[in-house]
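The chain below stands alone, shown as structure tokens; this is the form predicted alone.
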């Protein structure tokens, strides 16, 4: 068995890998414990249920995206917007490298599987999407303030479009067997359509 001091983190990270490569319904607590090298008692010490663990996995992925956005922030408004595409693309490329294919968005996968059967988990996923959109909106509003967006572009609607486009592109790449690079390319194209000509 692994060290007890890092058991919670190992459980969450092992679950994140399992939920990406399989599905929530097909992953058992025993599977998680085996992958994390912990006893079942340790699992239930940290997580009363598998749904509680799934929420922790959602939080892990949310924080990873927001960290990527912060790291990708450029010096100009246009660069910061394109940093959204770069951040999403980098995460999807990492998943693709690990699993050999695009496996989808952790939130989108859970939402598709559980949105009609587990209200508390659905609400948690919805709150994660809301965090994404708020961060996207901050970036879009800065671009608007800097005069980088085309006339008539609503920063909040653009933020929502970025979120929807991200989910749609990832889903299409997953089911169509496309590469993670296609996800980032599509997002860059969406951003370019909304930027004022010459904005860099």
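Positions refer to the first chain, counted from 1. Keep in mind it's a predicted model, so treat the numbers as computed, not measured.
The same protein also has a form predicted in complex with another copy of the chain, omitted here; what follows describes it.
Shown here without its partner, the chain carries 72, 95 and 131, none of which come within 4.5 Å of another copy of the chain in the predicted complex through any heavy atom. Contact annotation: residue 66 falls outside 4.5 Å of another copy of the chain in the predicted complex, judged by heavy atom distances. In the predicted complex, another copy of the chain sits beyond 4.5 Å of every heavy atom of residue 120. The shortest heavy atom separation between residue 178 and another copy of the chain in the predicted complex is within 4.5 Å. Another copy of the chain is not drawn, but in the predicted complex it has no heavy atom within 4.5 Å of residue 77. The stretch among 52-60, 141-149, 35-43, 163-171 whose residues place heavy atoms within 4.5 Å of another copy of the chain in the predicted complex is 163-171.
Contact annotation for 123-159: residues with any non-hydrogen atom within 4.5 angstroms of another copy of the chain in the predicted complex are 125, 126, 129, 150, 157, listed in sequence order.
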